[in-house]
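Here are two versions of the same chain, shown separately as structure tokens and labelled structure 1 and structure 2.
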Structure 1
């Protein structure tokens, strides 16, 4: 009987053995199966109860994933049913949370005080609210190119030939011949190997920085750089060391301390950058470029220089600080500028070696993912460069106007002028015992000073001169700036006109401050 039973079960056992052998060989063909098998064998040998528990948990997890998310049946008996009336009442009672905090009384007043210009901008625009023509000392029309007929005619011709939009990013189908011509014009104008165009001015420097500076790299930057540079540094995620505003002795001390830290921890030599502005947008100070280059060469750093204010305003033909200090542009690794400020067009650029420019065509996020600038703006920029080359006297007029404005405002009681004497933007703040823009070293009532300065701005505008307060994003910028009024001098006005406008500002300052006393 036993022999006959064994003979009957032998085919079944052979099939099971064959099946298990096939499954085992198939299992071991899977990647990582040997590790799983070794873990199961060791776990079962040491603690069989743990293996059973793990199998139960695996089965439970699979069941949880496969089962329905709710226990409701098709009848929906587990859901609460509302009548149409109840639904309407709930909708009426619902109050959505505001996306932003409501404006304060001061913010509403500040917003309503922004002047609106009717028609084209220029040295003497017309206000929409009153219809009166005002002298414009608020726009960055330094060389007086806004409304220039020569530039305007070239833009109109381009518009008729190419249309308005560029239809795509530069790397796809947004690049046309006028963009290439404009890049070549900028490079030849500055004396660099190549240049690259960005369609937005703000995103130029904030894209150039993270294109070269990565995590682990070292950035040494001025504490008072503009907001666009701050965003670029933040995006780069590099290690940042700050030095005192426009203090190259503080910069050198910081460079020395960075090198000491590296040697102390025996770290590898990584990429290192110095980031600063030519003329600081925050207060009009100017960097000592020859000394900056000397420190760069001595401590083996690369320089990213933002010339958004100095390009088109400084030097004999507007080439910026490199022309002013007679320094070869090749000494600056990444020279960044604004087409909107210097050439009264739009966008920005980065000039440097061919390697630096080609790298950005793939790694510059604002270049890769933004539509290229309209063709008419590119030709307007090229025409503006031609105008600066052929009319260097316009920059002499600009400097004469700057000196005229400063001469009047320096005699005004109750305010202090800030910045370099050649800067086309002039800031002034209310005079206190401590004249510092940094909130860490000066004590003042920020909102109270803003209100006084806004009263001055409103009074000046009412008397036919357009100026503005320097606007900053409180709570978002790295340092909190002292409230100032910013005057943008232009070469489009005569010396008598800017002297008269500065006299209006002086009178308004005296009038408003006398009422406050």
Structure 2
């Protein structure tokens, strides 16, 4: 009996001895294991109690390590334990909502009323739906670069040398010499040390902001900044203070209060930024740049200025607000502009000092993780800059046209014209009974106004002029802005043509509004 038991145990025992010896030899093969073994042996010899204590410590350390990994979900106080069967039942029971809410009837109408252009876009495009040629007061063709033959020739030359796509992000052989040249062209044009090119205008500033503004930094921003800036600020996780729209007095008050708070808390010196737009996309207001710079220098902030609308349209040759106000561009720490709007190509840029630009080459997410811009779009941008340098008269024409449009619209009953008088985008909203000029107070029925404005837009298009409502993502914007119609003036039309087109808008507004009454 005993014999058989020991016979049965024998393989087990031999296995144990074998595995122990392999473990031991394996342990001694590890580099430095001999030192550990010697230490354990001698410490056990000196004080056996200490070995037990150390063993307990090790077990405790392992337990803590394992625990912390799962604490967040499985063993949190809100975690409910279910059996597998219960989970199966819950899974069967769960019915998800539809992924998106289907479009409402108004949204359907909104989507179907989006104009589609047949053939090239420009001052007089043809509409796809009706086949009629219209006068274009909707598209961003401020300097009249759309369809420019010089730009086209340059683009075709580039195509035949570089192909179309860059097939890689800038870090992975996607930096083409034309990108470097274009970046240098922008920097020279503006008078900054360097510039960096992003492949989409919209994604530029929402990547520039989080590249510099980190948790704990302070951002003081205009309440009415565009959506891209809002998204950039959201991602940055910085402390944000808002000041009243285009009110530099309010800005100064905010700067003073931020400084007071810091002194009270005796906080560390953190990075501080003022973020605003040159010409506001939302309503065409223009910032008082010299005053802004004065405040920035006084309170030691850095400026991130979005010149998406003003670059390529303002100043003598389109260098933007810095040229208009005769301020050196180096005063603006991060000058962000759009190649798509002002230069009729695609993409965006950020100009500034070499340190600012180089930092973005590693930390600008939509620069690093996105394919670089197609070569021919970069050379088109370069060509557009050359065009602006050589033809300063186009921007004079643009200003003439802006004045002409505003003159007609100012005389129109029932609407309020917004924005700065030199802005190439002209917004107007319906005039309310109180004659209030404020666009932030919600004393109006949003959707009803949108419908009236859309009726006006449709009527204007039917009469041969293309305009559009300013589209916003309702519910996703930080502040609800008043519905407006946005007119984009172009230098490619003569003064007579824009006057006539503005006249059409005026007639339609009067007609639609009188119908409503």
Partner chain sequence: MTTTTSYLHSVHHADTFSIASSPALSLSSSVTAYSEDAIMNEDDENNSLAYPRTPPTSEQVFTTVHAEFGHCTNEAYRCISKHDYTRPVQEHIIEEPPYYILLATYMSYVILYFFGYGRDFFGILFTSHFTHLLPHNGYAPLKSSFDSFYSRRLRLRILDCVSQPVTGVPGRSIIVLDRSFTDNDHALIHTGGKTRSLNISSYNYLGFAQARGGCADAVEESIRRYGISTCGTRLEGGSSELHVTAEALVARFLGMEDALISSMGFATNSTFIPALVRKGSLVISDELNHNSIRLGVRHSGAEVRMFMHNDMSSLESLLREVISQGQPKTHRPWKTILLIVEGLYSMEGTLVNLPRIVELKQKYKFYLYVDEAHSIGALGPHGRGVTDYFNIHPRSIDLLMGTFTKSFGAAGGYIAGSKTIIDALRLRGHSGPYAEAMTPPVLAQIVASMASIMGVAPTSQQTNSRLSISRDNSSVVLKENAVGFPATAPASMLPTWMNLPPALADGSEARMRISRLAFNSRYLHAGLKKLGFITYGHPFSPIVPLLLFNPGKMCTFVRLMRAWSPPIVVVIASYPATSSMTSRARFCTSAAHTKEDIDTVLRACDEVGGIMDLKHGSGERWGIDEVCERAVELVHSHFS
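Residue numbers count along the first chain shown, from 1. Heads up, when I say rigid core I mean the largest set of C-alphas that superpose within 1.5 Å between the two forms. Values in this document were obtained by computation on a predicted structure and should not be read as measured data.
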Inset, instruction - Could you let me know which number goes with the form predicted in complex with the partner chain? - result: 2
Inset, instruction - Using a rigid core alignment, state whether the CA of residue 32 is displaced by 2 Å or more between the two structures. - result: yes
Legend entry - Threshold 2 Å Cα movement between the two structures at residue 507, rigid core reference: no
Legend entry - Displaced residue check between the two structures: residue 494, CA, 2 Å or over, core reference: no
Legend entry - Per-residue CA shift, residue 18 (Å; core superposed between the two structures): 16.6
Legend entry - Following rigid core superposition, Cα shift of residue 98 between the two structures in Å: 2.4
